[in-house]
Ligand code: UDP
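The chain below stands alone and is given as structure tokens, in the form predicted on its own.
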Amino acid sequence: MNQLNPRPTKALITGGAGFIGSHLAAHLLEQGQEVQVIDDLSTGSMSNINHLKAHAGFGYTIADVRDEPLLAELVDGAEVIYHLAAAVGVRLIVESPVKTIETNVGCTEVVLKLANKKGKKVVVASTSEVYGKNEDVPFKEDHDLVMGPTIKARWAYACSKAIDEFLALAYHRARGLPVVVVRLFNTVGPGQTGRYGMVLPTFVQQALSGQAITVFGDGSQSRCFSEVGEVVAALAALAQSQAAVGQVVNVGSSQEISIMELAQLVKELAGSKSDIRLVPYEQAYAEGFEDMPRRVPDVTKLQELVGTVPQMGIADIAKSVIRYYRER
């Protein structure tokens, strides 16, 4: 494990009222840091951060990250910026491709430009989606990115996040901006909504309400799910790692499960009598929708940089999500 820098004391989180951002804010506050959040609430929610308002070190601003004068003030007051603001969820991406591209590229452009003026470290959240249709599993950070055709809106998200990565790394190489790019793999846990197509909370809500659990495609596609608390701890650790600067790092679990197996697991853990129903991709999204059969990270680099990787098994994660929705 490489030597860590002193822990920052002031953090700015773009998209901080979102699922991951709000958990990150809580984690940093627990570490004794001051945290400022900016979010336009397009996919985030005040309910995610209401419990943080009483904390003396917490502040929030409801605004678009592309408001440069406002963001410049927030950047000035931060030591590290966690850039999580982005269009999220397959359903939103397919239904709103213009918003996806404009949000992802535009927000990152503004964040990097303002951070560069002040030399502030930026942790840029990317996604496993950038690996696209690459079949060389597990994915390593230097693997080729294999995108689908531009006529299929499904690939707009992956391409926009790849551009974010290129831009962040260009700022690092050309202007010395300290950046870390993190590729997140299916982060899940309590508080996540199924509103934009996130599979685990969708399955849990369906199971608890007695609705059919809807599996898109044939259910053989597999994913690796990581508990949000472990993911945000990794992000905070990477922000302290000098060796991570200028690097792309996979952040996720390497424990793989098929979507059909996940549906069966949720049904069992919830004690549900729901049927499991297969839904063709064309019916769920659009004609010609493409999905990746497997998405598994190689987390060797993360282990080397911070000394740990997400470990919680999917059964324990699912139990926590079921408990969360039952308590609601």
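The first residue of the shown sequence is 1; numbering continues from there. Just so it is clear, the structure is predicted and the values come from calculations on it, not from any experiment.
One more form of this protein should be noted, the form predicted in complex with uridine-5'-diphosphate, which is absent from this view; the next part is about it.
Contact with uridine-5'-diphosphate in the predicted bound form, defined as a heavy atom within 4.5 Å, is made by none of 232, 236 and 308. Proximity to uridine-5'-diphosphate in the predicted bound form, defined as a heavy atom within 4.5 Å, holds among 120, 183, 223, 161 only for 223.
Exactly one listed residue, out of 147, 153, 169, 199, brings a non-hydrogen atom to within 4.5 Å of uridine-5'-diphosphate in the predicted bound form: 199.
Remark: residue 285 counts among the residues lining uridine-5'-diphosphate in the predicted bound form, judged by a heavy atom distance of 4.5 Å or less. For the chain shown alone, residue 259 is a contact residue for uridine-5'-diphosphate in the predicted bound form, at least one non-hydrogen atom being within 4.5 angstroms. Although the partner is absent here, residue 204 sits far enough away that none of its heavy atoms falls within 4.5 Å of uridine-5'-diphosphate in the predicted bound form. At least one heavy atom of residue 215 is located within 4.5 Å of uridine-5'-diphosphate in the predicted bound form. Only one of 246-254, 174-182, 215-223, 78-86 lies within 4.5 Å of uridine-5'-diphosphate in the predicted bound form by heavy atoms, and it is 215-223. Residues of 125-142 that come within 4.5 Å of uridine-5'-diphosphate in the predicted bound form, judged by any heavy atom, reduce to 129 alone.
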